[in-house]
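Before any questions on binding or motion, here is one chain by itself as structure tokens, the form predicted alone.
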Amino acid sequence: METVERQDPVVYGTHPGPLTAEQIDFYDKNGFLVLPAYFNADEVARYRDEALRAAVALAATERPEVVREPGGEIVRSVFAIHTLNETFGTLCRTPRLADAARQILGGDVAIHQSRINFKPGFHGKEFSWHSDFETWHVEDGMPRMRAVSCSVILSENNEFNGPLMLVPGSHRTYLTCVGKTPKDHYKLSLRKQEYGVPSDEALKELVDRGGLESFKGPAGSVLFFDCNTMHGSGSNISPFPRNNVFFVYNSVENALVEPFGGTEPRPEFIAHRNAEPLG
């Protein structure tokens, strides 16, 4: 595993947006930013109900956007939710989210990926440690580190239900993971990721340097995190579900090219190759 210091900025320029200078500085230093209770209770209830309704409807289909837990039929994720559902198509464009992404990335953005992650009580499985950019670069052809993920939590995230964990400062170190990515790797990795993950030694080094933080808060809180921030989450053996909607904003100046790992590009529902700038 090779370690490479980041070559790209974290925050691009001084594009106007809803984030304060202090929030931008925190994001630049740590690779993530938490905005507690960013959406109110009525908004959260509407998004949560719509997410569950969409999951029930889509679970009855064989659509590839529906990813199930390893060894079972429980829905783990629904991808391309902003194209499948009008409510979430509108949410990804709301200025509170999209303008913050534009502020971080320095201009117009497009959706690289969207999904709802479900981690049901008692049965929700873990998401292995990883940096998204490793996969997006190798398997999707994302040229540079100019993308930001946004997670809107639809149910309380607490210490019991497998909250997302992040390594502060890890966004400034790129880990090139060992091993050739297998053909159609996404069919396995979306259920249980085994390639594109750091070694135990590399992860420990990052944590020794930056520590660990977990994203906890009431429903309606929002997390922005850099495409190269190391993150993961444990399983949920509590009775409390953990449901989040994710939007990945990519700069329109960072359009996808051929995958850098020499594989075929992943399907459009995972990585939108011809995404238009958000209106």
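This is a predicted model, so every value here is computed, not measured. Counting begins at 1, following the sequence as shown.
The protein also exists as the form predicted in complex with a further copy of the same chain; that form is not presented, and the subsequent description refers to it.
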Stretch in contact in the predicted complex with a further copy of the same chain, which is absent here, among 100 to 108, 83 to 91, 152 to 160, 131 to 139 (heavy atoms within 4.5 Å): 152 to 160
Partner proximity in the predicted complex: Val75 to a further copy of the same chain, non-hydrogen atom cutoff 4.5 Å: no
Interface membership of Lys216, a further copy of the same chain in the predicted complex, 4.5 Å heavy atom rule: yes
Partner proximity in the predicted complex: Phe240 to a further copy of the same chain, non-hydrogen atom cutoff 4.5 Å: yes
a further copy of the same chain contact at Asn228 in the predicted complex, heavy atom, 4.5 Å: no
Contact at Glu126, Asp200 and Lys204 by a further copy of the same chain in the predicted complex, all three, heavy atom at most 4.5 Å: yes
